[in-house]
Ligand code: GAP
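Just one chain follows, in the form predicted alone, and it is written as structure tokens.
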């Protein structure tokens, strides 16, 4: 589905719309409606069940969204959290440099200096997307953080968090004290991040305020035991740096054990890369041939990252592969910087071991981006109808409940819907229009099931107390006793979890 068509459908169905829409909307800010809010929560629940579920020593916390200036100075964000800005000297519009050069350099501008980016602009005679002028400035670094003033005097400087990861690093010492004093220790955060994007675009992909789900795993670099046998034979769609340098863009499937044996990657890293890939494929339902694990080179990744693969999906609406998450091996950079900045030694003393400063493996996941990707990859035409084929546990509405005739069957259908809600299921009652139109609305909303109450449900006979249960994808129908509905639907929406070792 094309970008404009997809966005129009999501807006019409109440999934999302521009913030302050009655004032014309604001680029880079979007509101979620009932379906979008529910889907977003389902995504967060599925991510938590899978990634926090990888170990009993991985925990979810909720830190503050404000970071004192000393924190972002120590973390390097004051100095390094920038994007190259290009300004048109004719119309004065500002752009991210990578959006200007993406047609001639689709891999982006990571690792390039402003002078090198400026040379690309000049050599390719690139023009302002707004007015067509060739008068573009030399790129300059623009810090993306939002500063805030705390208190009445405003003397206490702080920043809205540009990423959720810092909350985990700041909480590490406390979590060590309240935990088992053992590594690895995982600290997960799902929360808002704020970035003053130069030119927000592509709806949910470049926002000023967005939701991240991140897991920081603190481990002993001398040994990070993982159940690697669980993933050893898994073929992973990787695009490594050497193949990219040869002009390749398509991934090749390589077994996880080969990435370790001959690919030079550590087992702990490949294990978590494989689990991330499985989450995208098996839990979110993304087709394997639309995914790739994109390796960043030494000059592309952040200086503190030792290994980085981005998890990307090919999205028709956005014209190619787009980053949805990543796996970063960050070394001990973060705890080193915060030890120095705070004056507190963040080394730990595992039982029977010498003091050590843990290293960090980061699994990061853009929640909003995935909401768009779930629309691109699962919402489309199935013959004459439009269907959002979400996995049942992600669907904003689990079951639509209809009376065949509102006057005759509405009261009992409402009872059925209310009972399913009391059972913890997302049931939605609908008596407007024909049954066919109600099915169509639920198909667009992604509801995997619909229930219809009819005359047989109420009349004496073998069908009394039964309803018609219709499956979204197959459109098959069967008579089901009302008492069996809740158990069947709960089983269908049970969240997948990774196998434990």
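Numbering follows the first chain given and starts at 1. Predicted model only: the values in this text are computed from it and were never measured.
The same protein also exists as the form predicted in complex with this ligand; that form is not shown, yet it is the one meant from here on.
Chemist: Consider the chain as shown here, without its partner, and state which of 205, 146, 393, 219 has a heavy atom within 4.5 Å of this ligand in the predicted complex.
Modeler: It is 205 that has a heavy atom within 4.5 Å of the partner.
Chemist: From the list 376, 163, 430, 312, which entry has a heavy atom within 4.5 Å of this ligand in the predicted complex?
Modeler: Checking each option against this ligand in the predicted complex, the one that comes within 4.5 Å is 163.
Chemist: 240-248, 357-365, 175-183, 127-135: which one contacts this ligand in the predicted complex at 4.5 Å, heavy atom to heavy atom?
Modeler: Careful reading of the contacts points to 357-365.
Chemist: Check 210, 324 and 330: does every one of them have a heavy atom within 4.5 Å of this ligand in the predicted complex?
Modeler: Verified in the predicted complex; spot residues all in contact, yes.
Chemist: If we define contact as a non-hydrogen atom of the residue within 4.5 angstroms of the partner, is residue 197 a contact of this ligand in the predicted complex?
Modeler: Contact with this ligand, yes.
Chemist: Is there a heavy atom of residue 272 no more than 4.5 Å from a heavy atom of this ligand in the predicted complex?
Modeler: Result no; residue 272 lies far from this ligand in the predicted complex.
Chemist: Tell me, yes or no, whether residue 292 is in contact with this ligand in the predicted complex, where a contact means a heavy atom of each within 4.5 Å.
Modeler: No - in the predicted complex, heavy atoms of residue 292 and this ligand never come within 4.5 Å of each other.
Chemist: Within a 4.5 Å heavy atom cut-off, is residue 301 in contact with this ligand in the predicted complex?
Modeler: The answer is no: residue 301 has no heavy atom within 4.5 Å of this ligand.
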